[in-house]
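Just one chain is shown here, as structure tokens, and it is the form predicted alone.
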């Protein structure tokens, strides 16, 4: 769609993306690749995987990191290792993989509402959903701000439920000085290419429980415990050496990535300040934060344009902003059909999901780029009647 509100060509010749991968030091990465070729050890718990796991353990402050091929498999293995079944309570406002990891194992995800002040799951909503079939809770740390782990774990203890966390957004983040990854029975990180620390594709489950870690290590390698000895029904969830090489290279560049992310976040904060109906997510100053996500909420009662109109304008200028987690897991299949009335208990999720925009981020973005994006938003709001008219004409033309 072409809708250049400033006139002429779009603001950016090349699209700006949400989560464009950060690279780390290329020469270091290529050296590691050559070492992999020299060793001819490409997978099966290689030395770089072990080194990557050790680095994560040290940073997070946990006893065990079990690196895996991706975070979805890590979720599935963790869920099975914890022996969850029946119903498990999860936020409706999360990436669909959180729900799918349960559904694939014939466990019913029961969707809880969010706290609109934090975007994280509301613990009181979780507690209202507990039934005799509930065996566990999965909390999700949205945008790198940790959910209320204290309240969630208090509820779980009261009702004798197991707790784990989807920490895909929260690597390198803390809550009251305690790092994400150290809560619940275990937590799962994502090292997908779009994440703060990336390993091309990858994930990990981290835990302080020895028996749980041993079980997950068996499960990620078909249940093998040595040659020709299978102790448990497992799958193939192993991380490759090439992915671990990228993960290590990214991990070594972590402070530089944080610094870059923070500069972009601050540029957005300056440029968006005072715009009607636009609020920017605020990160806790006293905590460690990765600043990977720049999230705005558009209040349709105060903003001249609604969320979808602003997204259309930005896309027309090659700014590929995203409507993250829209429209919520409960409104996607198969859950929309399986639980058609779930929305009745999710008013805050529906409200906030219709307002959120995630703006482009990553080391390839500069503060100057962020300022241009802010100028586009500001101009669009000022020209709201013309923008709405142009969007309406475009919609009618394409209908």
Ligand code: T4K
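Please read these numbers as outputs of a predicted model, since none were measured by experiment. Numbering follows the first chain given and starts at 1.
What follows is about the form predicted in complex with this ligand, which we do not show.
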query	finding
This ligand contact at residue 113 in the model of the complex, heavy atom, 4.5 Å	no
Close approach of residue 70 to this ligand in the model of the complex, 4.5 Å, heavy atom	yes
Exercise: residue 18 in contact with this ligand in the model of the complex, heavy atom 4.5 Å	yes
Partner proximity in the model of the complex: residue 256 to this ligand, non-hydrogen atom cutoff 4.5 Å	no
Segment assignment from 246-254, 273-281, 318-326, 211-219: heavy atom within 4.5 Å of this ligand in the model of the complex	318-326
Sole residue of 107, 122, 97, 161 within 4.5 Å of this ligand in the model of the complex, by heavy atom	97
Selected contact from 305, 126, 140, 88, since only one has a non-hydrogen atom within 4.5 angstroms of this ligand in the model of the complex	140
75, 192 and 202 each touching this ligand in the model of the complex (heavy atom, 4.5 Å)	yes
